[in-house]
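Next up: a single chain in structure tokens, the form predicted alone.
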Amino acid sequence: MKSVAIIGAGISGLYLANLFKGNKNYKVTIYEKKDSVEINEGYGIQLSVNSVKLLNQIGFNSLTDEEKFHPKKIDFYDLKNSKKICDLEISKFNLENCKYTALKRSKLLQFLVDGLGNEIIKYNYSINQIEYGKNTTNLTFDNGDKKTCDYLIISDGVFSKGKSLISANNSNAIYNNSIAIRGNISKENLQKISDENVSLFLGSDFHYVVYPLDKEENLNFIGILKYKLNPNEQKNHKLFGENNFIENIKNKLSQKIPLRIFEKIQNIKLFPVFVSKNFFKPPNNTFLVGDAFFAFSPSFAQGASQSIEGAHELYESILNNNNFFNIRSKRIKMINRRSNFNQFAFHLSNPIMTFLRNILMKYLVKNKNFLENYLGKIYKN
């Protein structure tokens, strides 16, 4: 029996452990630095068909319709005048039992944790050292424990400590000059939009998205604001919890969004957007997944889906001895290009460029060839 050690209990690590748990040829253990998986109510995620299909392999379709939502379209609006530009029918990519899904992140995490039982996740295990033997990998943790594994999978996020240890800090993420603003807003405060769709508002150096998560009255709010930080601010991990900084960002947000909407956003939290600048290929039998593999801007709604898809690719690669790094790198390069282009297009400021963008969008969202190439290649994996 081969031993598999996973560093980090995020979406990719938890999903991968669920896959290995069902294979008697492998013994899997997740090492998580915190004392629990953070399963907090509130913020949402979107899962396109490519990831829902993979999640269904471990019973995701057992979640009730009350716990998730299936938007039919993406409605695009011009933030300046709140007028609808066009809509994109994402439901056309749905399969019979695999539909574009929005839900609370906590629901997905709880589902993944519940599938593992009590023995697979080891809490309060922060990786301290990684050493390579002839055929195995030796791990040392901050608590002094030492473990040996046949396969090491690093899944501890964009600021991956495991990745830093094996890359000698030569593959750090960089600040993307943007801030993610998360919150919740009641349906009754957004009466002019459809509560059956994802609503995407495009503005100058800013865009925001609202969408339902379940049958309740609250909608998820996520905004991306272009905002520069100096090097010292980028290193200050406490900055985004400081009242003065939060109030400064709220003030900028109030200038971007109609006041009647801004004042109704609840539970606002801020997150700096860091992205990867390159790919790092680890030594044999060591693999990176999720944001530890590569983090891209959150403008294509593929973060969670690619964590799941990448984890599944790695599982199949280990079983079949495929070249996971090359397969995943090619895929991520394509998605990263789309994410960067989306953010550029969503944040246009020049009135002429904005006018031309809106005309082009009306055409592209109805063009089958474009949709198949731009979205179909991603959603159908």
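All residue numbers refer to positions in the sequence shown, first residue = 1. Predicted model, so just to flag it, every value in this text is computed and none were measured.
What comes next is about the form predicted in complex with a small molecule, which does not appear here.
Candidate site formed by Asn184, Leu219 and Lys264: none of these residues places a non-hydrogen atom within 4.5 angstroms of the small molecule in the model of the complex.
Proximity of Ile332 to the small molecule in the model of the complex falls outside the 4.5 Å heavy atom cutoff.
When contacts are judged by a 4.5 Å heavy atom cut-off, Lys73 does not count as touching the small molecule in the model of the complex. Though the partner is left out of this view, Lys161 does reach within 4.5 Å of the small molecule in the model of the complex, counting heavy atoms only.
Mapping the unseen interface onto this chain, Glu32 counts among the residues with a heavy atom inside 4.5 Å of the small molecule in the model of the complex. Comparing 243-251, 229-237, 256-264, 126-134 against the small molecule in the model of the complex, the single stretch with non-hydrogen atoms within 4.5 angstroms of it is 126-134. Listed residues Phe111, Phe93, Phe201, Tyr211 were compared with the small molecule in the model of the complex; Tyr211 is the one with a heavy atom within 4.5 Å. Note on contacts: among Leu139, Ile121, Ala304, Ala173, the single residue with a heavy atom within 4.5 Å of the small molecule in the model of the complex is Ala304.
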